[in-house]
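Given as structure tokens, the chain that follows is alone and in the form predicted on its own.
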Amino acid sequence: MTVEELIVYGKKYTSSTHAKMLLANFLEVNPLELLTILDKVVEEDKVNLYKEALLALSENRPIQYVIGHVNFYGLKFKVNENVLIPRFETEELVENIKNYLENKNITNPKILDLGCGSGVIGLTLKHFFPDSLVTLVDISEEALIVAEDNAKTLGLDANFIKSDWFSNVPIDKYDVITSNPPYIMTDEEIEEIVKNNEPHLALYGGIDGLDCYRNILKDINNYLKDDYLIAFEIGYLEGSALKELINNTIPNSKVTIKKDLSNKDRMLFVEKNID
């Protein structure tokens, strides 16, 4: 079958965009390049892989898991059913951390990424700050395997610890502690494709969505340098309650809540209050 025939075939199972993304992935080209090779005959083994992937999509599996990787901040990260699919909002979190370190002129920060999943936050920061010391933590052995694979593929050195938040993390002082923890409320409605495919361990944060933040905050003061940044991704309804929790657990701190590009509260940053 030709590229054009496969695109037409794929549209029977999924959108034109997803059909092109899948085919481009197996042909190892940019989706836009498909238009220049419409007459190309595709090898039978790749045709079969493409058809299997289309079937998976038709069964409501996320395209990121079907393809097996995502682009995050210009880097290619492996993902599978053991880790969350990175969202654009998390790229915004990384952008804010990056700006903080650059503004402070910290070129060799010590960074702790709690609940690292596929490692997108910590490893992306390692990419931009090669002299940094990055530690990635997750309770899931399967998630850590994915993160370690990504570090190896990207050629990035990092330390990996299996731990329930700080429980197995040796006390040390960090410039940046960051986390995108489970924050979905127990009874919160979410998309079926997310609920049915992504790991619940990485999604749900208790009745009010704040259980994981409580677990992090009860120990965090032992791990902060005198000058520090805590960077959390948060649920869009949780900012005020989490800010109050932080004010009660981290003395002399300044809390800033920032909105994402959809104008929803999505990031919370904590710094030492210097006023």
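Model, not experiment: these values are computed from the prediction. Don't overthink the numbering: it's just position in the shown sequence, from 1.
The same protein also exists as the form predicted in complex with glutamine; that form is not shown, yet it is the one meant from here on.
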| property | result |
| --- | --- |
| Glutamine in the predicted bound form: contacting segment from 145-153, 163-171, 83-91, 130-138, heavy atom within 4.5 Å | 83-91 |
| Three-residue site Tyr183, Val194 and Ala202 fully in contact with glutamine in the predicted bound form at 4.5 Å by heavy atom | yes |
| 4.5 Å heavy atom contact, Asp211 to glutamine in the predicted bound form | no |
| Contacts with glutamine in the predicted bound form, stretch 224-246 (heavy atom within 4.5 Å) | Glu233 |
